[in-house]
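One chain comes next, on its own, written out as C-alpha cells in the form predicted alone.
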C-alpha cells in the first residue's frame, strides 16, 4: 500500500527494490521534500512548496549558542537521552504558562530531533502491524508514511469540505476493533484549519469511549489568525494517560535547521517511546538544546513578529488567489501557513498539475494527493516565504493559467 505516487517517480526516477524491506518499499519520500529536489534541477524557480519560514533565527538564540560553543566544552558532547534537565524544566514551565498543561520534567518530557522524530517514535511505539490509525483527510503527508512504516493501516476520514473542520461523527463511524490511534495536527497542515474546541472535546470523548491513543501534532500551536485561539488536546484531563503531544521549535522560533522539538506523554507511554528514541537518535543535538533553552527563556517578541508577518502573507496569497477564481477555489486559512487550492478543472490530477506548474511556470507547489485521498485535485501552497517571492509565484501562476489552463 502506498499513500500516493511519488513525485520523483512521476518525473521518471526509478528505485531499486531488490533486497529492500517491504516496510520501506511501501512508503514514499514526502512530495513536500521531493518537489524542491526536482526544482533544484531547474533554473529560476520560486517556491510556494516546503514550509520553510523566511525569518532568520532570532539573534539572542544564535548568540547563546555561540557563547556556549566558545565557553562550555560540554556543548559538543551528548546529553542525557531525554535532554538537559534545565531545558525540560523550561519546557514544563512553558506548557503550564501557555496551555495549562502540567508536565513532570523528569518523567513526562523528552527533547527530540524535531517534532518529526517525536511523531515517528510515537507511531512506532503504539502502532503494530495491521493496526488501524484514524487520519483526517487531507492530512500531513509524513503522518501517513509514519503509519505505513510501522506497518499500520491509515483510515482516512474526510474533513468537512466547506471549512476543513473535523467530522467527529464520521470518525466514530470509521472506528473498528482494529483501530488503535488517531493522529491530529492542529492548526492543520495542509489545510490551514484551526479546529473548533467543541469538536476537539468530542474527539477526546471518542478516544476515551473507544480506547484510542491520541497523537497530537501541535507544531503550529502559536500560529492562529484573526484573533482566534488554539485549543490543546493535551490540556484535557481525560486524555492524560492516552495522549502523546509533540511540539517543535522550528516554526515558532524560525529554527527549522536546528532540528529540535519535544514530546509530552505520561510516564508509561514515554518510557516505551524512549526505547525508539535511544535506538535512532540517542539524544537531540546538544547545541540545538542550548538554542531551544535560549528561545524559551529569551524575549518572545520575535514570536509576535513572526505571527504578524505570516498573517499579512496569508492575506497576500488569498488576495492573489482571488484573481484566479476561474481556476481555483480555496478556504481562507485560520492557522498554520498553508492552504489547499482546489483546481476547477476536473481532469487535472494534483501530481500532473504540480509538475506542470513546476516545469512550465517555474513555481514549486505540493500535489494534494500526497496528503491522502482528500487532497486530490488540490495543490498545497505555503506562504512562509518572503512577500516578494509569494507575489512573484502568484503572478507566474496567473499568467500560466491564463495562457494555458489545465484541461
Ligand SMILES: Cc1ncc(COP(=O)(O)O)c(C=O)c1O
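Residue numbers count along the first chain shown, from 1. Bear in mind the structure is a predicted one, so any value in this text is a computation, not a measurement.
Although not depicted, the form predicted together with the ligand is the subject of the following passage.
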Choose one stretch from 211-219, 269-277, 122-130, 78-86: the one whose residues place a heavy atom within 4.5 angstroms of the ligand in the model of the complex.
211-219
Examine residue 140 and determine whether its closest non-hydrogen atom to the ligand in the model of the complex is within 4.5 angstroms.
yes
Any non-hydrogen atom of residue 288 within 4.5 angstroms of the ligand in the model of the complex
no
Does residue 334 reach the ligand in the model of the complex if we count a contact as any heavy atom within 4.5 Å?
no
Is the gap between residue 114 and the ligand in the model of the complex 4.5 Å or less for some heavy atom pair?
yes
Out of 230, 327, 259, 99, which one falls within 4.5 Å of the ligand in the model of the complex, going by heavy atoms?
259
Just to be sure I understand the contacts: of 181, 193, 147, 185, which is the one whose heavy atoms reach within 4.5 angstroms of the ligand in the model of the complex?
185
Judged by heavy atom distances of 4.5 Å or less, which residues of 235-250 approach the ligand in the model of the complex?
248, 250
